[in-house]
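Have a look below at one chain only, the form predicted on its own, in structure tokens format.
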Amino acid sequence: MIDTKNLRSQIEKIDTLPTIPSTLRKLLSVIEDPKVSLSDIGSFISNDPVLTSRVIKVVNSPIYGFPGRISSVNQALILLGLNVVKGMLLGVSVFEAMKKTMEGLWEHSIGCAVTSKIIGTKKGLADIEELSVAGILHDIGKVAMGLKFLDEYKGLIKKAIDKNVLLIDLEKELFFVTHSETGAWIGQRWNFPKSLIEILEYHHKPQLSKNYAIQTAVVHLADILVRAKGFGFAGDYLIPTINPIAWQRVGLSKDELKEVIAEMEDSLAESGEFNLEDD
């Protein structure tokens, strides 16, 4: 029986679970410090050869798409900045947890990161790398719920597939909250930037986003486009309707949408070959 009354405190203590990867547990103790610096994070990464390898892979992947190969952690830190690096590290560190929770969720998250960046670039938005981070982490609430309530959550995924319904609707029925809300709780607990917390909370209800409305709308649209392409797996096989307010806020013309989809297809093909597993 799920104790919904104390659900938030259970989710926020997700880092205490024995199933949490040790790298993630150590990382959280670093990034939860509001005074943490790029130097602190650089030292943390450099002391972990596996994490160093994964960071270099991600920075050189289609998710960020920097021209030329980045060969060192210090290069990555200088280019990306503190907020992006913190988000990227979380994405890399929850990779194992994503695979345990839902096969295909990591691929879906990469697809959303890449597509968010393409749309944001097309519309001339600032902080494109932060949009990529939001794409990687937009479903982190699913990871938290899946780790805390593994059997129940796997049951919801099966039911969503069998009954051909949206997973988010089943989450609401069982937990009385959705992964959007639990993702925002996690974001607050782990000191995410306010922009990222808002995107996590409203990527399925972008009309409610007030302070980062366009960014939230971009991730909302990217999520649905990636689902429509069948790249990765987000927990069900339905394609949600694009919110009309979000569509209006992003403001893609028909020609721009065609260009986004063409770029997206090329990038997703590259992303499909991107493997975070250690060589």
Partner chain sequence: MAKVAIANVKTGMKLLKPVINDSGMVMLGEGTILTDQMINKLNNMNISFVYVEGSQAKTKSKEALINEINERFQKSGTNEQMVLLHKLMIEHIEETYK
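Numbering follows the first chain given and starts at 1. All figures in this text were calculated on a predicted structure; none of them were measured in a lab.
Beyond what is shown, the protein has a form predicted together with its partner chain; the following relates to that form.
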(message) Against its partner chain in the predicted complex, would Thr241 count as a contact residue? Criterion: heavy atoms within 4.5 Å.
(response) yes
(message) With a cut-off of 4.5 Å between heavy atoms, is Ile56 one of the residues that contacts its partner chain in the predicted complex?
(response) no
(request) Decide whether Trp247 counts as a contact residue for its partner chain in the predicted complex under a heavy atom distance cut-off of 4.5 Å. (result) yes
(message) Is Arg25 near its partner chain? Define near as a heavy atom within 4.5 Å, in the predicted complex.
(response) no
(request) With its partner chain left out here, work out from 40 to 48, 211 to 219, 25 to 33, 227 to 235 which stretch has heavy atoms within 4.5 Å of it in the predicted complex. (result) 227 to 235
(request) Indicate whether the candidate residues Lys254, Leu257 and Glu270 are all in contact with its partner chain in the predicted complex, with contact defined as any heavy atom within 4.5 Å. (result) yes
